[in-house]
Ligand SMILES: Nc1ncnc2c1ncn2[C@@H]1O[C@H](COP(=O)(O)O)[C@@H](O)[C@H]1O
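This document starts with one chain, in the form predicted on its own, laid out as structure tokens.
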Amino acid sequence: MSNDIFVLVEHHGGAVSESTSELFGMARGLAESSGGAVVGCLLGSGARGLAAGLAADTVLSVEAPQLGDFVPEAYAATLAALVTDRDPRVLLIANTTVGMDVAGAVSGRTGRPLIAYCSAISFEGGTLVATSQVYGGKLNAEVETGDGAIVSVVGGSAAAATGGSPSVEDVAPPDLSGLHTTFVARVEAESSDVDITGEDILVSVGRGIGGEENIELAQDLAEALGATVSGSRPVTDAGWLPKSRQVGKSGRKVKPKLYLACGISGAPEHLEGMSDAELIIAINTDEKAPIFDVAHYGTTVDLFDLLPALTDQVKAVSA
């Protein structure tokens, strides 16, 4: 087994994801402890040029028509072949929708242990020790395992690393002719007159808002503040807000000056999309909700009492 730390390079539309840059930041620290190299695994068709600037020592570039668009089966087969052949000490994969599709499949194909929802990882006396979020982030579990682990990492767990000049090694793909799935089409998020990624203030609602009829409470406050209403995945899945207003891993990543979280528990997928906001204020009656771990200020006052009162106060000050 080598001491190298492998990173799956996630990319879309000709750009490497921010979560991948964070993985390289984490991989660098692990490689210094293991004495190995940081190796990027870049799968695609015509994607080789994305290797430039990656914070890796080496990039393994695998090109094939079946890898041009993301097909979990093709990615898993290719990555499993790389892991089996090169035998890295650790494989890091972002805990994104892509990563969740691939990590388990590679673990199954290679027989290597998978540590999911990881927020921290290190070597202690030669043993890999990782911290994983469980029960929606309400608990942290410390896991120890031997070499060869596959680790899916929650966004925001490490500082991003960019600006490298790695060597690039072209690697032949495995036989992908017998795939059972093919890429059909990409369905983009519906268009909207508001781009929440550019808003300075967001009033964001979660499952605690109760129902679509209560969105008006958040809308009234947003209008008073000159803000925009956004929401967590349960809200957009229910159709209470359009998908273009969804904050989180499967939605939009936002960095407003103020993020007011109303009735949002703070699942890891949501925190990944908003934890970089300059000021986070959380309203949730559950004092143990994970959202309070990232909030700068918080209250357990019932949002149905607080939002109208806040709206009145803001209007009074603005009058």
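Small disclaimer: the values here were computed from a predicted structure and weren't measured. The first residue of the sequence shown is number 1, and the count goes up from there.
We do not show the form predicted together with this ligand, though everything after this point is about it.
For the residues Ala224, Val98, Leu128, Val171, the 4.5 Å heavy atom test against this ligand in the predicted bound form is passed only by Val98. Only one of Gly49, Gly68, Gly29, Gly53 comes within 4.5 Å of this ligand in the predicted bound form through a heavy atom, and that residue is Gly68.
Taking non-hydrogen atoms only, Val7 never approaches this ligand to within 4.5 angstroms in the predicted bound form.
Contact annotation for His296: none of its heavy atoms lies within 4.5 Å of this ligand in the predicted bound form. With a 4.5 Å cutoff on heavy atoms, Gly44 counts as touching this ligand in the predicted bound form. Interface residue remark: His180 is not counted as part of the site for this ligand in the predicted bound form, having no heavy atom within 4.5 Å.
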